[in-house]
Structure formats: C-alpha cells, structure tokens
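Okay, so here's just one chain, in structure tokens, the form predicted alone.
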C-alpha cells in the first residue's frame, strides 16, 4: 500500500468511503469534478465479519474493487490493500469508513434517576450511535437482585454510568456502581479484553467509584453528563464512546485491526455518522431537521431542533425481522385504515409471518405493496412518538410557566420536537428509499410524521449519509457539497396547516407565482392536491388559512415563502392536524381512494 495522506484539504481530490453494514458493505467514490466534490461511483459486497471468512476487510476489498472497476481506477494493490495517495488513475487521497457490522455498538447505561441522569446517559449513548440494551436506575422498579441478574445476562460492548450533579451527594451514584461491580458484566466479544466502563457522573464521587471497581474492568473518568440540573453536557461522553468503540470493540472484531490501520480517521458507528451529517447540515443552514432510517429490525429517528440533537432507536419496529412487533403494537385495524382495497386479514397475517421467515423478500403484487406501505406508516408513526417522548427539555429543572404554556400543542411543552418548526424531513431505509414511486415515499412521510406549516421533503438517494457523516470529520466542505448535490433527492414541499374543520369547508387559499407559473385556488378540508414542480425550479407561495387553521404565523394569518420543487412537487395537504381518518370503513376507503388518485400513488390500480 502506498501511504501518505495529503497535508491540506486542497490536495484531497479523490475520496474513498465505506460503510460496513451488518449484511452489506457499501463503498462510494467522491471526486473533485469541475470545481466541486461529487459522488461518482458506488459498489457493494456482502459483509465478511462472520464465519467462514471472519475478516471484515475481505468484504471491504470486494466492494472497493467493484468501485475501481466502474471508475477505471486501480484502488487495490497486489497485496490486497488500498492504494494511497492518488496518482493519475491509481489510488485515492484518503480512505474513511463507518461500521455497524456484528450488530453495531451495544451499550448498557445506568443512572440514579431514570428520568434525569439515566436519561442524559441514554441520550449520550444514542447520540454516539449505540443501541441501548438496558437502562438501570435506582427507580426502575426492579429489586437489587433483579438488576444484578439483568446486568449479568447482558453482553454489552461497554457501560456508561451517570448520576449526581457536580459537588452534590455521592451515595446514590455509588449505590449504582455497587450494583454493577459485583455483577461482573461480561463483554460481547468474550474474555480477550476488559469491559470498558465510563463514569460520567458527580466528579466528587470519582475516588469512591475507583475503589468500587476492580481491575476486571477498564474504568474511564470523564466530565459529568449532567453537571447541574439545568445543564446537559453530552459531547465528552459521546467522544469517549467513539474512542472506546475503536479501541476496545472494533479492535477485537474479526479483521477490524487491519481496517483501523487503513483508515485516515477513526471508524465511526454508522448511526453516529448519520447523526453527525444531519447536525452539520442543520447548523450550516440554520434549520430544524428530522431524519429517519427504517430497516428490517429497527427504526432510527434523528432530530435537530434549535441546535439540540437527539436520536432514538426503536429496536422493535422494523419491516422484516420486527414486522410482527409492528403489527402487534399498532394493531391490524390501524394498519388497514390506510388500505383502500379489500384485503383478507388472515392472509395478511400469513404474509407477515412469511416476511419474518424470508426477510429479504420484496412485494411482488400491488396488494402486497399497498399493505407493506401501510405497515411502514404505522411503524414510522410509532417510532416518531417514541422519539418525541425522549427528545424533551431537561426534567428536574424548575421552570417558570406562563398562561401561554397552557395552550401549547405539545401537552405541557416538554418535547422539543415541534412539527410547525420543522424545515427538512429526510427519509432513508428500504421501504422509503426503494418505493416504486417517489409519491409513495412522500405520502408515507407525510402520513406518519404529519409535518405542519411548510416542510421540505427529501430522501437519501443511495444511503450515503453514513459515509458523509464520517467525511464531515475530515473534510466538511466536501461532505456538505456531496450531501446537497448527490445524497439528497428533493421530493418537494408539503403545505399543511394545523387545525380542524368540517368536511367540505374551506381550509386555505393558495397563490403560486413564478416566471412561468401563476396559479391560485382554494383547498377544502379533507382534500389533497399535487402540483408538479421540478427540483431546479422555485416559486413564491402564499397560503391564507381560515380562522380554524394555523400555518405558523397564527390562526387565520397568511404565510408567504419561496419554496423549491422536487420529484413530486408541491403537496397541498388540507386534511388537518392532527390527521384523523373516518371510523366507518366504506367512508374511510372512499376518502383514501381520493387521496391515492390525487397523488397518483398506484397508477396501475
């Protein structure tokens, strides 16, 4: 391998990035073309972290070789290693990677109070890209022996302990440590390394914590995640989790030591990288954003509101391995309310079981596609509800309340997720990214997330957000340019007032003007309309709601904005918020049919 990383960012012209997933390793090539960075070629291969190969780099080389063949660039040398730096049509300037192979990063968190220090620890772990297997707290309603048994049963990659404000009482967080230490938690990858334990609690308790644990664990002390009741300090914990993930977890997984030596920056957990790119875009554009990645087993939701980042993992909500859980939690009647054609419930239950047995199958008929997208709506809706419950203002803080708090939509104002403030909604994951029609992706997003006001909809074209998240650590300019030009496919803009009225009553008036368009009209409550508008076009839109509806400026007050088009265009949604469907079956099916026709969702139907 030719080594030698460029000395400055201007010298970086060819970037190779991989994402080692649990089943597939994806490689992309990013090149400096005509004065800007563009994603040019993509390849993929099966991940090889498990037997019989048991070497993650084999899958990486296979994916990279495919990219090289497509690009006409030699990226791998005769020794099977990545060539650097770039020289003509040979090699790349930097190589970076993310990983969720082998189940990704799995953690246990512990804190004194479940709603306070334990919640802060969980936010730090989730933000770093971890799956939180269990949360232990003094008030989690388990008896001490039950907590110890649970700790012994788990095989996490690391443990994060929090509790107590700096300078406060020490005995409560010490009790938590005294539960974990005698349980002798065992790491997932066996006995070849010590269990990493991070203490991010009261700095006054550090000496007592050190005395509690013996040398069977690798104990690290960092800044308190909750130094005061009013303050949350998650960045040091997230950084330490990334470091330990690389040092302890990745280095003991098959082939990762070689991969670590190849990369020019630290390997990041895939969800952590996705969160980083969303944060970067939200900060650079000064917008509020929500991203969702729905997979076979889990659904990740990311959000940035007023600069505050949150991530949740709904481990029981997915479209293959966990589809039965979705049907159980949402219930079949709620799923079928999105279906406008006749279906036999018994056959649908068999279809769900078959999907669990054969998780890689895709819908082969229009009926199965309609049903799968109905399940996806409920999975996304449930995941978003969980996210809103978790993404809250800090609990335990004394706050002065005003009469205005009584009328907030969020039922007490605890959640920081506000759909009226949402500027960008990004979709990724098979059922969303690979839907046969972009209109279907847009409607699954709108029906499940129920955006309010004016919201831009987009989808991740080939799931390159993980690659760009780790690239943002090395070359932010390249990451942002590729994100905007090649990663996001703009679906369009959703116009949706908050409020309720009677069917057929006026919801809002609209005026759309540009050099080529001059359209105006009235939207009745309960109706949908799509206006085609290409992604390279922008128009000025004025929405004047009736007194029952709010577009963000207040009830009955008009809103004007310049908006961009997309593959779907402008979606005028006068169905009201919160979105409610008729109880009566035939009435509901007739209404859904009208929406299907308005959006041209299933044209062959």
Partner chain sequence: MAKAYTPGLTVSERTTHQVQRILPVAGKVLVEKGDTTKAQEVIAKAELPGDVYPVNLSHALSIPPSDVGECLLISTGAEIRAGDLIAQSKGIFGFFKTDYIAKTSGTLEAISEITGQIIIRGAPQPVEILSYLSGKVVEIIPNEGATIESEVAFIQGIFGIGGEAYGKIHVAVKKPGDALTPEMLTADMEGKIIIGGARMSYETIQKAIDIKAAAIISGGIDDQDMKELLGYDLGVAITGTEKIGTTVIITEGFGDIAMADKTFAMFSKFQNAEASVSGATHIRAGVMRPEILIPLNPDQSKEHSSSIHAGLLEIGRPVRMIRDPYFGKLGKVTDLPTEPQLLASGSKARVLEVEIKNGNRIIVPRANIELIEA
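Given the structure is predicted, the values throughout are model-derived calculations rather than measurements. Numbering follows the first chain given and starts at 1.
One more form of this protein, predicted together with its partner chain, exists but is not displayed; see below.
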Answer option from 206, 252, 353, 194, heavy atom within 4.5 Å of its partner chain in the predicted bound form: 353
Could you work out which of 515, 346, 141, 503 is the residue within 4.5 angstroms of its partner chain in the predicted bound form, going by heavy atoms? 346
For the chain seen here without its partner, which of 368-376, 283-291, 221-229, 530-538 has a heavy atom within 4.5 Å of its partner chain in the predicted bound form? 368-376
So in the predicted bound form, is its partner chain close enough to residue 81 to count as touching (4.5 Å, heavy atoms)? no
Hey, in the predicted bound form, is residue 521 touching its partner chain, heavy atoms inside 4.5 Å? no
For residue 152, is any heavy atom within 4.5 Å of its partner chain in the predicted bound form, or not? yes
I'd like to check something about residue 436: if you look in the predicted bound form, is any of its heavy atoms closer than or equal to 4.5 Å to a heavy atom of its partner chain? yes
Sequence-ordered list of residues in 347-364 near its partner chain in the predicted bound form, where near means a heavy atom within 4.5 Å: 349, 350, 351, 353, 354, 355, 356, 357, 358, 359, 360, 361, 362, 363, 364
